[in-house]
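In structure tokens, one chain follows: the form predicted on its own.
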């Protein structure tokens, strides 16, 4: 009998999406000091990629209502990272149909970014493919997040993977947007993606949400079955129930290239106070939407109101609407 959990797989790369996914909690209103501290922590902890935010359309999202990290303008990013001369690669997410990608994503030689992460629902795939090709032609490493995969029919998943096989996306990410998947489902999806991309050199990623307190467990399951591109956030911050916590992931991976102490220092210095101002985590309304495989927007709305602890009425309404 072997014990692989005491060793590590050097092919695994870690991406921190604290500012991007965590920014969904506060409209990306992180101040420069916070973003600089997260950036420095990623450097000190040996994290491979840091996602600075979105490349969102200013025609759809009014800049006055959002922080800099909704748009990742070049001047804003360089104010934090300078020329980013270290080994940490910088990424931004571009949502299909929410990004003016032809204009706002500059050629790579004009940007401090290294990676464009195209995020798409299955029905937006034609646009996403054009975005992937556009970013690749501009010189970026390009990845694709297939969102809300728990509600996509099997033939549609198969067709999407067949289409993405022919694109220059280097990684395709299993995204449990609703935090509804269990370990067996994650394992099956990772195997499906691996089989679909066999022989292409593409990597499989995992982006897990924590509605059922399974984000870390499901991330481990994905790794066991061959996912090598792993998303996490500091203190698990993210929309709704949040994400796989970086502090748990780094501790699990065993790779001496990753260091947990800087992460713990950041949590101590920044996130203790932040939790007094922002709310995220596997709260009961998020448990309910996760178990029912529904978007967490209804739970987010409930928790923003005066009746946020009325769990039974919330549950009954969601069930009656099924």
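Residue numbers count along the first chain shown, from 1. Bear in mind the structure is a predicted one, so any value in this text is a computation, not a measurement.
What comes next is about the form predicted in complex with a further copy of the same chain, which is not displayed.
Output flag, 247, 312 and 316 jointly within 4.5 Å of a further copy of the same chain in the model of the complex, heavy atom basis: Heavy-atom distance to a further copy of the same chain in the model of the complex: all three under 4.5 Å.
Contact segment among 71-79, 108-116, 207-215, 170-178, judged by heavy atoms lying within 4.5 Å of a further copy of the same chain in the model of the complex: That would be stretch 207-215.
4.5 Å heavy atom contact, residue 267 and a further copy of the same chain in the model of the complex: Yes - in the model of the complex, heavy atoms of residue 267 and a further copy of the same chain come within 4.5 Å of each other.
a further copy of the same chain contact at residue 220 in the model of the complex, heavy atom, 4.5 Å: Yes.
Any non-hydrogen atom of residue 288 within 4.5 angstroms of a further copy of the same chain in the model of the complex: Output for residue 288 is yes: heavy atoms within 4.5 Å of a further copy of the same chain.
Close approach of residue 252 to a further copy of the same chain in the model of the complex, 4.5 Å, heavy atom: Yes, residue 252 sits close enough to a further copy of the same chain in the model of the complex that at least one of its heavy atoms falls within 4.5 Å.
Listed residue (43, 284, 60, 257) with a non-hydrogen atom within 4.5 angstroms of a further copy of the same chain in the model of the complex: Exactly one listed residue reaches within 4.5 Å, namely 284.
The single option of 166, 195, 85, 184 touching a further copy of the same chain in the model of the complex, heavy atom within 4.5 Å: By the 4.5 Å heavy-atom cutoff, the listed residue in contact is 184.
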